[in-house]
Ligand SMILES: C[S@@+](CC[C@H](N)C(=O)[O-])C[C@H]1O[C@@H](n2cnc3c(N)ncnc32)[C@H](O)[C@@H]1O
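Encoded as structure tokens, the following chain is the form predicted on its own, with no partner shown.
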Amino acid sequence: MRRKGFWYVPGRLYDLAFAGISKGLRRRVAAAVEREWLYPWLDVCCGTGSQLRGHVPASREAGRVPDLVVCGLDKSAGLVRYAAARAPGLPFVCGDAGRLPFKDGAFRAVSVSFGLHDKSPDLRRAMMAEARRVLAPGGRFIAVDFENPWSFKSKVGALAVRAVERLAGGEHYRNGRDFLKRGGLRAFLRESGFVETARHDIEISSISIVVASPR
């Protein structure tokens, strides 16, 4: 089953297109988890699994945390098979981010990278309610997504991002525009009842990496 998904074409194309440029973002998300040792860790809308790929095996090999637990979840069965094939030994689950198949308080970290802006307002709210539910006391929500521009460089970056998002078209593009009109990631987290504990802004693409805790 794992080998069957190894060459899943959409997954492979996505990795070829974005793996390189998102490498730094993935490192920062992983560092946020490791800094406070926020395990177990759930990566929602995990896509090809690149956020988790290679992260846990290295820790296990070092003998630091033999019971370290991470899990990826995505609604696409094809991408889940691809992620599992590319990261043997790591669990990936096919499921709905708005109805997570996990018990209350199961994780100390929940992350989502570029998985909020493209969703409908109702689904975004459901995702945050579920993230809150599965977070253990003291847990953290880690998000990577777009902000409205705050400087000249970020305005240039936002124009480039808008061009790429327009290529995605349809509901994805409309939802993305709605996300920014409502205030972007900063406003969304605040309205969802989360308080920022750390932030890293990236001007060149008008992106932010935010660590937040439920109020």
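Predicted model, so just to flag it, every value in this text is computed and none were measured. One-based numbering along the sequence shown.
Keep in mind that the form predicted together with the named molecule is not shown, yet the notes after this line are about it.
Of the residues given (R81, R132, K119, R108), K119 alone sits with a heavy atom within 4.5 Å of the named molecule in the predicted complex. Listed stretches are 46-54, 32-40, 176-184, 155-163; the contact stretch with the named molecule in the predicted complex is 46-54, by a heavy atom cutoff of 4.5 Å.
Though the partner is left out of this view, L123 does reach within 4.5 Å of the named molecule in the predicted complex, counting heavy atoms only.
The named molecule in the predicted complex comes within 4.5 Å of no heavy atom belonging to F102. When the named molecule is considered in the predicted complex, A97 lines it closely, a heavy atom lying within 4.5 Å.
Proximity of I142 to the named molecule in the predicted complex: non-hydrogen atoms within 4.5 Å are absent; the residue sits far from the partner.
Taking the named molecule as positioned in the predicted complex, the residues of 10-33 that bring a heavy atom within 4.5 Å of it are, in sequence order, Y14, R26.
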